[in-house]
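Read the single chain below, which is given as structure tokens and is the form predicted on its own.
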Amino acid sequence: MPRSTWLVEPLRGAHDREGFSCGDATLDRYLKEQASRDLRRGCATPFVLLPGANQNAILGYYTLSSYGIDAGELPPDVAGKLPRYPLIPATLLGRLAVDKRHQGEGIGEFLLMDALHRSLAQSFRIAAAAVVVEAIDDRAAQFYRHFGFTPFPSSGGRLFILTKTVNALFP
């Protein structure tokens, strides 16, 4: 399937959520049962990757929302470079999943880069010093570390990347 036709857009009612399966029941259930509610309630914005325009099959998805990092949870060398606020504004990349029929095709990386690019663009409107992820397992944590995410000292499954670093990805 050519990347040139891939399209990322906010979740809509016409998208085929029932046909999606990433192999993780929690992530599948979220897309099928909770994602629309989170969107309506303003808790998270789910974005879906479609094979092309006017197609409704979901190849993968991710969610973005606002987040606050407790400054005391950051590594001291990072916290020392940020304002001394109790909460540091951030963007939460809450979930990211790829349909199991399309795993290994670069969709995870594509979705991550799209999420980081959207987060960066939004950070110019509403400040965010970092993007935070909650890796579902060690394999996911390794995926994020490969792209420059740093684990929080108190939790190896929760990682962050500074917006300054994201900015360097998109010259």
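Quick caveat, the model's predicted, so the values are computed rather than measured. The first residue of the sequence shown is number 1, and the count goes up from there.
Quick note: we don't show the form predicted together with a small molecule, though the next part is all about it.
Peer 1: Give a yes or no for Gly68: in the predicted bound form, does one of its heavy atoms lie within 4.5 Å of a heavy atom belonging to the small molecule?
Peer 2: So Gly68 does not count as contacting the small molecule.
Peer 1: Looking at the partner-bound form in the predicted bound form, is Asp114 within 4.5 Å of the small molecule by any heavy atom?
Peer 2: No - in the predicted bound form, heavy atoms of Asp114 and the small molecule never come within 4.5 Å of each other.
Peer 1: Is the gap between Pro51 and the small molecule in the predicted bound form 4.5 Å or less for some heavy atom pair?
Peer 2: Heavy-atom contact with the small molecule at 4.5 Å: absent for Pro51.
Peer 1: Would you classify Leu39 as touching the small molecule in the predicted bound form, given a 4.5 Å non-hydrogen atom cut-off?
Peer 2: Close contact is absent here: in the predicted bound form, Leu39 is far from the small molecule, nothing within 4.5 Å, heavy atoms only.
Peer 1: Go through Ala129, Leu64, Ala35, Ala140 and name the one with a heavy atom inside 4.5 Å of the small molecule in the predicted bound form.
Peer 2: When the small molecule is considered in the predicted bound form, the option within 4.5 Å is Ala140.
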